[in-house]
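Take a look at this single chain, the form predicted alone, given in structure tokens.
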Amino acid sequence: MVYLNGEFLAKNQASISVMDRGFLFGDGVYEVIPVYKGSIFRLQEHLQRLQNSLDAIGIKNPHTNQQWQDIFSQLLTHDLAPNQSLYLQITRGADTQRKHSFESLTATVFVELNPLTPKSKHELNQGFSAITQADFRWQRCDIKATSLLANIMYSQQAKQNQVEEVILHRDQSITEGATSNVFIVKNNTLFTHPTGPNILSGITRDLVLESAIACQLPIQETAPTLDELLSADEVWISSSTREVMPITQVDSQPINQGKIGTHWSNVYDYYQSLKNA
């Protein structure tokens, strides 16, 4: 069951116009929200980021926060799985012809649920690998836009190299992952790229920082360099579906001799407590 433009219907019955600007141009935004034990996690923060993205590209929000919550709640009644991921997408809408400019259109709204199975701490303790690549994306990565061709290319590269993630850098400074935010620990301090147009500041990123503060781990929102990444004591990535994940090998080089760090373990445990609060 999905939600599309005011209707709840089976996914195979949902369809949009071929003139929809999301289909033709990737002209839209999206949001991914985790649901744990039937409870939507940090809903208001996700809705605020959605609003920020809509404002950035000039689409009027089609619903109030309460209306969004009602849509999500009704959709959740159709699927009783304990942990799920809410995906919502808003495009500018369908025009009568394909053209780059646009008039006033009615937004297309789509929401679906997907299974969410976070890895256990035992699984995460095995560690994961990443590779690095130059960041050639556009200069407004802070907008959670549906036009994700560059990210798709990076993610496919990760798949082909059998690694978890591609970590991106501009002028030797680490920005973020193809589908994650990136953190390093060096000399008992946590470093991550500051918010701004070069990264999509994830809600999970904020939760990791909140957890680090609770664990008395000092934070510097300063972009680490590629050399600092490779010589870090710990490397983590975060996203709403991964939560916070340890990276123990980058470009075939072991991080911390390939071992999980104690800071990650502490932050992971605190993060889990936030989910269950």
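As the structure is a computational prediction, the values presented were derived from the model and not from experiment. Counting begins at 1, following the sequence as shown.
Not pictured, yet referred to below: the form predicted together with a small molecule.
K.L.:
Do heavy atoms from each of Lys144, Gly202 and Ser240 fall within 4.5 Å of the small molecule in the model of the complex?
P.N.:
Affirmative, all three are within 4.5 Å.
K.L.:
Tell me which stretch of 244-252, 65-73, 216-224, 42-50 has a heavy atom within 4.5 angstroms of the small molecule in the model of the complex.
P.N.:
Result of the contact check: 42-50.
K.L.:
Select from the listed residues Thr108, Ser129, Thr179, Thr192 the one whose heavy atoms reach within 4.5 Å of the small molecule in the model of the complex.
P.N.:
By the 4.5 Å heavy-atom cutoff, the listed residue in contact is Thr179.
K.L.:
Identify which of Leu54, Ala232, Ala212, Val32 has a heavy atom within 4.5 Å of the small molecule in the model of the complex; exactly one of them does.
P.N.:
Among Leu54, Ala232, Ala212, Val32, a heavy atom within 4.5 Å of the small molecule in the model of the complex occurs only for Val32.
K.L.:
Would you classify Gln157 as touching the small molecule in the model of the complex, given a 4.5 Å non-hydrogen atom cut-off?
P.N.:
No, Gln157 stays farther than 4.5 Å from the small molecule in the model of the complex.
K.L.:
Can you check whether Asn151 is within 4.5 Å of the small molecule in the model of the complex, heavy atom basis?
P.N.:
Flag for Asn151 set to yes.
K.L.:
Just to confirm, Lys119 within 4.5 Å of the small molecule in the model of the complex by heavy atoms?
P.N.:
No, Lys119 is distant from the partner.
K.L.:
Mark Arg170 yes when one of its heavy atoms lies within 4.5 Å of a heavy atom of the small molecule in the model of the complex, and no otherwise.
P.N.:
Judged by the heavy-atom cut-off of 4.5 Å, Arg170 is well away from the small molecule in the model of the complex.
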